[in-house]
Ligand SMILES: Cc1ncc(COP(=O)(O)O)c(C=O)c1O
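In the block that follows, a single chain appears as structure tokens, in the form predicted alone.
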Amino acid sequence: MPNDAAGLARTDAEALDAHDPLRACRDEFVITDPDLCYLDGNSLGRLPKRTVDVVHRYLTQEWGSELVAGWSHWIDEAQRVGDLIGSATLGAASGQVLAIDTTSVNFYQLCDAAIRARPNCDTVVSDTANFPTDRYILEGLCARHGKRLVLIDDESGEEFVTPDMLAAHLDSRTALVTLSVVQYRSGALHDVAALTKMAHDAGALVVWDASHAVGVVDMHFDRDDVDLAVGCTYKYGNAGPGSPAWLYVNQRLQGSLRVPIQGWFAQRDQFAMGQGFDRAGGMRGFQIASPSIVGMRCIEASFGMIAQAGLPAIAAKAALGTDMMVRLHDAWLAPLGFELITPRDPARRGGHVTLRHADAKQIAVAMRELVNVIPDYREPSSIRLAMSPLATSFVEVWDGFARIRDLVATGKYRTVAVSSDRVT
């Protein structure tokens, strides 16, 4: 098999690594198998070494020794760590982000609040390619509130909502528009500023799901006048499986929106334990209950790394890495029956690319079992491959694609059984 693609040799990948301003970051992650090509950082990021130390110190020097007295400084962790997420990754000033709960809970809370804030509007707009949980929650909310759910369908197959497509569904009846910053399956990146302004011009509120963008896309929520947003911390954020999610509420909306779950952390005089709910001001009014302190420490460690590296440098490396993937696909994989469904324009994609193949599910299993490459598989027939800039090297990408090429060209992937594992 050839050792270069469209003029891109392995030595070119080595040169990119040698001149990569983020190259030292890779050494800050736990890598137990140096031969592994881990191209699934869009689903779960690698473990930062500093997280092990930070969590150990929390267990021994905080919880272990302080016991319940630790709550004197843990009590406001959701706001403090939320500010770190906001400044490092969202372009959000202090006092607008909470690190708390799960993305699904936060999405439910903010969408419900947005719908109820527009009682005379009967339409909610999203798209068919949005993340399944978001669509399912919207179905339930619309049924509960008697609203009409409109799902935009991109018939081109790009899974991307253009301004023209959104405009066709916006009018004075629209209460809420909610989309993902980066589409979970295709990797397509939406124009947050343009679509938000369009919704505002129609009088609607917007909730963005940034789960597949946070930590890899240079976002500017305050500048772009974003209303509301949610996201996770365990993908490009590298904060670990099940780590706390976050929610963003623009300062201008904090006094008027009301979320449906009125928890005791949102009570103005929390420890008075009084009768009746008296909502606290600011972001505290959007918090339900106690934060996961060990989860906060994981976020501090990993998002501290992101803050040090800087999102512009991270996004620039993601663009180079995904461009390499596109070029390798065109030279090596397209002739083998693969199809790229991620936009070719680097300004229109996040940190992962998605390839389709008739045997994608079997190929994805074989990649793990036969050639030590970790992707993830999504229906229909889609393999997602990521450049997670802090942890992934260019050589890792080059080698991973070379192994996929050889695996499929030789037909060896057909020797493995299609997995029955629920997790793909």
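On a predicted model such as this, the values are computed, not experimentally measured, just so you know. Residue positions are given as counts along the sequence shown, with the first one as 1.
From this point on, the text means the form predicted in complex with the named molecule, which you will not see here.
Student: Looking at 152-160, 205-213, 309-317, 265-273, which lies within 4.5 angstroms of the named molecule in the predicted bound form, counting heavy atoms?
Tutor: Result for this chain: 205-213.
Student: Should D227 be classed as touching the named molecule in the predicted bound form when contacts are defined as heavy atoms within 4.5 Å?
Tutor: Heavy-atom contact with the named molecule at 4.5 Å: absent for D227.
Student: Can you check whether R349 is within 4.5 Å of the named molecule in the predicted bound form, heavy atom basis?
Tutor: No, R349 stays farther than 4.5 Å from the named molecule in the predicted bound form.
Student: Is there any non-hydrogen atom of T103 lying within 4.5 Å of the named molecule in the predicted bound form?
Tutor: Result yes; T103 sits at the interface with the named molecule in the predicted bound form.
Student: Determine whether any heavy atom of E300 comes within 4.5 Å of a heavy atom of the named molecule in the predicted bound form, and answer yes or no.
Tutor: Answer no; every heavy atom of E300 is more than 4.5 Å from the named molecule in the predicted bound form.
Student: Between S180, T89, T322, T342, only one gets a heavy atom within 4.5 angstroms of the named molecule in the predicted bound form; which residue is that?
Tutor: So the residue touching the named molecule in the predicted bound form, by this definition, is S180.
Student: Would you mind picking the one in S94, Q254, T133, S290 that has a heavy atom within 4.5 Å of the named molecule in the predicted bound form?
Tutor: Contact with the named molecule in the predicted bound form is made by T133 alone.
Student: Would you mind checking 225-263 for residues with a heavy atom within 4.5 Å of the named molecule in the predicted bound form?
Tutor: Read in sequence order, the residues that approach the named molecule (within 4.5 Å, in the predicted bound form) are Y234, K235.
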